[in-house]
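Okay, here we've got a single chain as structure tokens, the form predicted on its own, with questions on binding and movement later.
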């Protein structure tokens, strides 16, 4: 059995990058969850034995010999209890190294599960035991951090029971795990994207779409001018997702849309739905037609309840919502991909074999100059959405006037070169925007500005240092990085233990990036002062500027990266060292 923390001097960057780059839903017999079963264990446990194995799985006609946890995709739901110490023994039966990273969990760095940073990984035929105290509660998930295994199914959900009673108890509790399934290998997908960045985008602008664009732009000449601008930049306004429904089947709890996972309820019951986006490359826009959703938790942390009709969940994020269906009928859980090339679907119903109406997908978004960091946009959400639960008094509780200014580490605009295709000339705060394709759709859509923590943060200190990072890339060559550099060309970000730091992200690309910092909380500066929401993954919208605070309270080497797996694999990755 292996139990071997790693020191930074014992593995090279090349070894680490190689570990990231190598390649990886549910055997028919164990396929997803049985209908009507949320698969949440009845009670928590602090002892787990998990087996990583290959299983032949067919879903939507696509067969893959996939790496799984205990033979299923998603793997088993792990239920822990806050305040206990958990012990999880992983047995690797694969012919390659593997690992498990506990996404969003605060723990000692050597238990984080990132090969090359926190340990050596788990070789074939070996075991490794993770042991750490559980210091938090909420909804999280786990996944492999080796060989792109996460992209083909090695993941599952974590539920941590709180020490204190839940402020909004519910009669039903379901995990809603969103994902993708394809029989295309990650290495092949990367190769195709490197050869042609829009390889999977079959929805380009055409002559037939020009009249509609002209109507939207005000004239044909304005529409043609817009097309010319995108052409000069060698970019496409229709570039929404790098990998699309052309190769992906979108899944809900391991079910393709036609197999329709179902959660049961009795009319009038309150149901907690724990949404987890475990996809590799897909953002989902979630709604349940006919039901209001009360958002009560973001990335495992309680927030003041926000009633919405829809929310976008980025890769690696989690949201808990509460619904209360009153009628004796079926409701459709509808999660359409951001690019509208497909959807995942499930059902809430009073009985099995019932199904609700599946709504048509919304129109595909089109990128604008705002996404290129060149414009301003109307932020409708804060003014037009009435959120009765929000106390906006905290908006005036930002930095105390007497606080000293932090030392700013600003590399300036990145160079335009083979690794960086664009500089955002006028990046804007987009935390009040629900995201491309969701503005002005007539529904109440969650934005980051709606997230307000239930309690003040535990560290009231102002930051002593601000680190500005540009998110950069070259779509044509499919290269990604921070500050115009790939991971292999970048040194670590060094923090002093106990230091309070502000990270500011400027997104120079036209894509969303879910930025994940391992091991430490990220407190989003969204205007709620000391009631900043704690998150582990933050969506940086195209052409935006966003900041958050971090207290470097746990020493070690931590991964910091975009959670779009192909962006991470191709350079958008840094190491944060707390010492």
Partner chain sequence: MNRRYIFSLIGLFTLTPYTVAAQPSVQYQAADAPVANISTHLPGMPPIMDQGTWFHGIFNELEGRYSPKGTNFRWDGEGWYGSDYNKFWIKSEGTLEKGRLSDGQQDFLYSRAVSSYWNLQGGVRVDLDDGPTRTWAAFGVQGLALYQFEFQATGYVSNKGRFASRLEGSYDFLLTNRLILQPQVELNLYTKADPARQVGAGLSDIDTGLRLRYEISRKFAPYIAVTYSGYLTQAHRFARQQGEQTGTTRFTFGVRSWF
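Positions refer to the first chain, counted from 1. This structure is a prediction, so every number in the text was calculated from the model and none was measured.
Note that the form predicted in complex with its partner chain isn't included here; everything after this is about it.
- The three marked residues, 312, 343 and 436, fail to reach its partner chain in the predicted bound form, with no heavy atom of any inside 4.5 Å.
- For the options 411, 71, 133, 162, the residue carrying a heavy atom within 4.5 angstroms of its partner chain in the predicted bound form is 411.
- Of the candidates 101, 274, 470, 255, 470 is the one whose heavy atoms come within 4.5 Å of its partner chain in the predicted bound form; the others do not.
- Although the partner is absent here, residue 294 is not a contact residue: none of its heavy atoms lies within 4.5 angstroms of its partner chain in the predicted bound form.
- Proximity of residue 117 to its partner chain in the predicted bound form falls within the 4.5 Å heavy atom cutoff.
- Using a 4.5 angstroms limit between non-hydrogen atoms, residue 407 touches its partner chain in the predicted bound form.
- Remark: residue 75 does not count among the residues lining its partner chain in the predicted bound form, judged by a heavy atom distance of 4.5 Å or less.
- From the list 163-171, 266-274, 185-193, 105-113, the contact stretch for its partner chain in the predicted bound form under a 4.5 Å heavy atom rule is 185-193.
- Contacts with its partner chain in the predicted bound form, taken as any heavy atom within 4.5 Å, map within 478-514 to 479, 482, 483, 484, 485, 486, 487, 488, 489, 490, 491, 492, 493, 494, 506.
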